[in-house]
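Encoded as structure tokens, the following chain is the form predicted on its own, with no partner shown.
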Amino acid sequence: MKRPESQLVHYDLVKHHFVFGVTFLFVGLLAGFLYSLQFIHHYPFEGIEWLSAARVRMLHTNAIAYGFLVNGFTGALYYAVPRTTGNPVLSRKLGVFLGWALQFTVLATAVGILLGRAQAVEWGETPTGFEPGSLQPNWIPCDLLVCVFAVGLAIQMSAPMLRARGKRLYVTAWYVTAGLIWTILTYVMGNFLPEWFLPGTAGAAVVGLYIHDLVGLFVTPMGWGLMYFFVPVILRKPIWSHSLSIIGFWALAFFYPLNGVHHFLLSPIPMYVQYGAILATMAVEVVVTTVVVNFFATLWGRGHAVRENLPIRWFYTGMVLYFITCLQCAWHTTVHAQKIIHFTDWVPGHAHLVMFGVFTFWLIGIITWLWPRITGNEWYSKKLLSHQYWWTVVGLSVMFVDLTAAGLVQGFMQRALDPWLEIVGAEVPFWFVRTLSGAMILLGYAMFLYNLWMTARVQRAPYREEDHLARIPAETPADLHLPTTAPEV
């Protein structure tokens, strides 16, 4: 489906990032499923060093973080930013270059991890390209390539923002602009300073900041910024409170950067730093509450959309899980809770709920809404979309409850000083359930991939925007800086 080069939205760039994003998500989910098999003594690659469980585990997290989340957010930004500002991005050619540069970096990172070139930084395993603590080359400098991509994307998305100066910018632009700048600073801080300049406890403190700031200052502003765009557009109703959205933005900017050290509680890091992180984490729950209230107030009078509109269902499911995640986080970062759950399965249960149940759900909802507009075809099977939702939500819910329970059993047994082998034996039934729930998620996602493929290949019915707009009456004021007309198809 050809569109003019002068168009507002470059749909080929959106499609490029979505296609690679959903592919890398499948790789990441499959790697996570394979990794879980080692806990029930069925790991298929025992004795193969480059496919050892530890390296496959890093492939799991990095393929989802950089392969899916970065691709997914970037594709969504190529749609949302031009339509929010009324201006196209800086350059389609720059977009093509950045797109292929990102895919090369993700693949180079994956191969480097499997070959043992990973950096010893959680969520920063991307190879530096040098021997630890030196400048002796040992692989492709993936960290440097990530920084180049981040700077290029910031330039690409800044152009339509700058052209819109003088106008009242919608809150999505606030989140996106800040998120792009924060990402560059955060990535440099976590991937370069500990490696060469900050050894020991100081380096650990910075790594703690990096771990959480990558989530809080990249993933979170991108996710919420896109929700502030897509929810009102789909509901055809303005956000309930623009003022509340700005309060949420500034509160995020103030409190979230201080959270990271809560990953290293009960460590040699000074206790005043640890207590500061605990208080900031609790404060973030107040921030999250304001944002969640804003979105559920927006849904008022449109509640039927949760039942009838699958993207909205994905969005609001993610919002509920986000509230649960942050409420849980505000409690489990206290010192007393950490004495039980530290280094237990509680932590991966929490992490899966937020990274998969929130941000991945939101991106799946965005792709579900945009894919017919990209391909020009109605969905091949809406029944498969519904099945995918339920398999995924049920699978994740089972995994979260299972790992939470496993963490409590493990923590209390450790506190009672039970023998380590007895603790491991008690965990095996929980690990079996985790693998089973992972299989449910993988099955649901396979349905999604098949549906995406068939929708692009088989034209059962052409997509017509007016058919969808007619189902939800508009309620958009003139001063709301969001598109009120149908996107180009």
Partner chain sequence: MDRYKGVFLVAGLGMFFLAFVASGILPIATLSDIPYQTLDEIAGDPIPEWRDLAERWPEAFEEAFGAEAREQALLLSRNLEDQPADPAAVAATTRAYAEALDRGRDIYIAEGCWHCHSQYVRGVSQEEERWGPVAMADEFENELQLPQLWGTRRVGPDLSREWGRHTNDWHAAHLWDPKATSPGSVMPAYPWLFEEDPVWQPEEAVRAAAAAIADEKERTTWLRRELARTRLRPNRDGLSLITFLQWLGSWKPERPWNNASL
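The structure presented is a predicted model; accordingly, all values stated were derived computationally and were not measured. Residue numbers count along the first chain shown, from 1.
Although it is not shown, the form predicted together with its partner chain is what the next lines describe.
Fill in: Listed residue that, although its partner chain is not shown, lies within 4.5 Å of it in the predicted complex (heavy atoms), from Leu198, Val394, Leu107, Leu144
The residue from Leu198, Val394, Leu107, Leu144 that makes the contact is Leu198.
Item to complete: May I ask you to choose, among Ala154, Ala202, Val320, Ala297, the residue with a heavy atom within 4.5 Å of its partner chain in the predicted complex?
Response: Contact with its partner chain in the predicted complex is made by Ala202 alone.
Practice prompt. Answer with yes or no whether Gly47 is in contact with its partner chain in the predicted complex, where contact means some heavy atom within 4.5 Å.
Written response: Yes - in the predicted complex, heavy atoms of Gly47 and its partner chain come within 4.5 Å of each other.
Worksheet item: Just to confirm, Arg55 within 4.5 Å of its partner chain in the predicted complex by heavy atoms?
Response: Flag for Arg55 set to yes.
Fill in: in the predicted complex, Val81 touching its partner chain (heavy atom, 4.5 Å)
So Val81 does not count as contacting its partner chain.
Practice prompt. Would you check, heavy atoms only and a 4.5 Å threshold, whether Val424 touches its partner chain in the predicted complex?
Written response: Yes, Val424 is a contact residue.
Worksheet item: Exactly one stretch in 33-41, 456-464, 65-73, 437-445 has heavy atoms within 4.5 Å of its partner chain in the predicted complex; which is it?
Response: Stretch 33-41 is the one.
Worksheet entry | its partner chain in the predicted complex - contacting residues of 217-239, heavy atom within 4.5 Å | Only Leu217 sits within 4.5 Å of the partner.
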